[in-house]
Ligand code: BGC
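Given as structure tokens, the chain that follows is alone and in the form predicted on its own.
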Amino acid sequence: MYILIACAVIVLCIAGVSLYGNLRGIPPSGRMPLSGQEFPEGFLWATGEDAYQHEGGNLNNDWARWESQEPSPIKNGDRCGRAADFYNRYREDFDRSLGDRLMGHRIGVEWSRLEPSRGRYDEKAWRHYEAMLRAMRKRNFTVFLNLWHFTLPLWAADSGGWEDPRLMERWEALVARCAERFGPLVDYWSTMIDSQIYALAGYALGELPPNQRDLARALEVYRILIHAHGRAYRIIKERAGAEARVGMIYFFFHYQAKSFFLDRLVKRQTEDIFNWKFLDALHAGRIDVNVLLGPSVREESGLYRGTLDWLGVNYYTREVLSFDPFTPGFVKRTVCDKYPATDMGWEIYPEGLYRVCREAARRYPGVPLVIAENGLADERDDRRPRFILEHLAWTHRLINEGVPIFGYTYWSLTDNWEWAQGFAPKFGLYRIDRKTMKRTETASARLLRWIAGHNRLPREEELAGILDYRSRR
């Protein structure tokens, strides 16, 4: 999530070669009316945590080492440290989610805990994650489990990370062990989260570990991660059962071109490589990424063809792109500062969720979608209620139009470690006191509780009575 600027500039050395769309005078997203829209019976209301961002105590990986550098690469010099202490407080957090009438929950596993040195597993850590999953089952949650998100054990990072062919063998072994041990406890398997961000921002822009600036290497890691997903998919199906539902959670921007002909060129190239080419490969079995005057990747393989049983959509904001010969890569990101924004300066644009999901449904027919992450940094909690309501109103419209969305996940249950942004952004439905780790409910938590309990959106006239909520927009 934190890679907003980096991802917008991923056109470093990239120039587009095809046209797509023309939007003049970009307007703000229109407010969707709230009229008590009802969601389908069984619609899944969920939230969740991430391994590194919430657990705390993860010190044996490349991210923890990166954070320890001087000068600090993290905003305010923060260190992840205890994070949200979820590793120790997961039961109480699950109870909060359950009390909020949510029916689904996502966690992740931390590779560096499970395999602290090459080929050596930590049985205590495996038992701990198994206990987490059983605690979710006990509360009748629909269980989402993610296997990898950005961090690598130090032994893996020091041997070359994903560029080391030996790591794929360890990845396969890890996935097989997870599938065998956790299989009966998991409803939806995610092999990885935001994989294209890792490849592009980590290897082309140097914005996160391993902090490289080599576009050819970035595309190679992009390709390797497609293979890693394909192998994980086959292994889970073999070890956990053919009925296992395996997909991935993927970050999307809604991109728009500002107006000029060349704006549309850079917009199309950025959108293709960031939003779609990775997933296209998993659907059609063909990688086709071409950088003008630069490297390209083309291959076909049955290994990863048809390996999306479901797709988790992470959506937060849009980016308006324009051609600028004086910026790196000739791409300028326009900040729509006249419209509502989050504490991180991200524009609040709910209609973008609608447009991203419509396109995903068109490109990947038959693949069910879940809104896997949707949220905002809002310390005062004065924009979050309207943010949730409007994104859900657009989600309701998608369902009415036949887009196969089966659930909505707010990100996240509690405040968390927001990668290079540190602890400053407050995404949680529950605030966390950094000293005591005490959780404090927000108005938005009460709102989502009401929505989940009624399986519908409130009408405008109901809002004040539900939460003592007054719109400040």
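Quick note: we count residues from 1 along the sequence shown, nothing fancier. Please read these numbers as outputs of a predicted model, since none were measured by experiment.
What comes next is about the form predicted together with the named molecule, which does not appear here.
Asker: Name the single residue among 396, 149, 227, 237 that comes within 4.5 Å of the named molecule in the predicted bound form, judging by heavy atoms.
Answerer: Selected residue: 149.
Asker: Could you work out which of 94, 255, 251, 126 is the residue within 4.5 angstroms of the named molecule in the predicted bound form, going by heavy atoms?
Answerer: Of 94, 255, 251, 126, the residue with a heavy atom within 4.5 Å of the named molecule in the predicted bound form is 251.
Asker: Within 4.5 Å of the named molecule in the predicted bound form, counting heavy atoms only, one of 431-439, 36-44, 61-69, 412-420 shows up; tell me which.
Answerer: Careful reading of the contacts points to 412-420.
Asker: The named molecule in the predicted bound form: within 4.5 Å of a heavy atom of each of 53, 193 and 316?
Answerer: Answer is yes for this spot.
Asker: Contact between residue 263 and the named molecule in the predicted bound form at 4.5 Å, heavy atoms?
Answerer: Close contact is absent here: in the predicted bound form, residue 263 is far from the named molecule, nothing within 4.5 Å, heavy atoms only.
Asker: Verify the contact flag for residue 87: yes if a non-hydrogen atom of it lies within 4.5 Å of a non-hydrogen atom of the named molecule in the predicted bound form, no if not.
Answerer: Result no; residue 87 lies far from the named molecule in the predicted bound form.
Asker: Mark residue 346 yes when one of its heavy atoms lies within 4.5 Å of a heavy atom of the named molecule in the predicted bound form, and no otherwise.
Answerer: Contact check for residue 346: yes, within 4.5 Å of the named molecule in the predicted bound form.
Asker: Is there a heavy atom of residue 427 lying 4.5 Å or less from a heavy atom of the named molecule in the predicted bound form?
Answerer: Looking in the predicted bound form, residue contacts with the named molecule include residue 427, since a heavy atom lies within 4.5 Å.
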